[in-house]
Ligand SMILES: Nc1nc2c(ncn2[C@@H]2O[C@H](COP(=O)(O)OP(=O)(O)O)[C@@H](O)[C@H]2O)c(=O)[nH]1
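The form predicted alone is given below as one chain in structure tokens.
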Amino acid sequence: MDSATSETRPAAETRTPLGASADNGLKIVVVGGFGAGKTTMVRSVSEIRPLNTEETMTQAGEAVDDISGVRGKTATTVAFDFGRITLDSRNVLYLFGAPGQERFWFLWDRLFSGTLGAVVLVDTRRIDDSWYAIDRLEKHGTPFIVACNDFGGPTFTPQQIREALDLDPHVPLVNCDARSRESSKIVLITLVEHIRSLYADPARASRQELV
């Protein structure tokens, strides 16, 4: 799966105006390794034309970025992606896609500020690339779920993935196709339900902050 490809959507769907009554913005961050499909997910699910900060990859970047697992990738995010979903007349979900390369990780702490929760997007061909994202979210005490993006790679059981990522048992783990709007919506719904369950159980939320 080409992580830079998303479903074709009608032009009218990408220019939805924000309702005048919307007054509550909820921030979600999509993080993960280089080429895991973060930009694709934001593009596929956003109701507006997303803001992307992609630049063409050059030979000079090969010296600093590990592109061994993403040979077909031609562009990369250098700041962040931004999209929006209207939940109802008062609530709007703002999506931020974080850059995956190690040289841009310094931006993550600022992106996490004020975040309701996060999606860690995982390419199971390169599971180790997800370690830093999970570590930073745990240190921030930010609720998150893990979504395995389907690149047609090796098949692992959920238990094998949990063990590889050393995931806490309460962290939801789902499969997804970041190109699909419906699949990406399910990922976000899973995250929101996870956050709601944490707020409904203060003791569990406290354990999340102490991880």
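In case it trips you up, residue 1 is the first one in the sequence shown, and so on. Just so you know, these numbers come straight off a predicted model, no measurement behind them.
Keep in mind that the form predicted in complex with the named molecule is missing from the display, and what follows is about it.
Asker: In the predicted complex, does T39 come within 4.5 Å of the named molecule, counting heavy atoms only?
Answerer: Yes, T39 is a contact residue.
Asker: Would you check, heavy atoms only and a 4.5 Å threshold, whether N149 touches the named molecule in the predicted complex?
Answerer: Result yes; N149 sits at the interface with the named molecule in the predicted complex.
Asker: Within a 4.5 Å heavy atom cut-off, is R179 in contact with the named molecule in the predicted complex?
Answerer: Judged by the heavy-atom cut-off of 4.5 Å, R179 is in contact with the named molecule in the predicted complex.
Asker: Report yes if any heavy atom of G35 sits within 4.5 Å of a heavy atom of the named molecule in the predicted complex; otherwise report no.
Answerer: Contact with the named molecule, yes.
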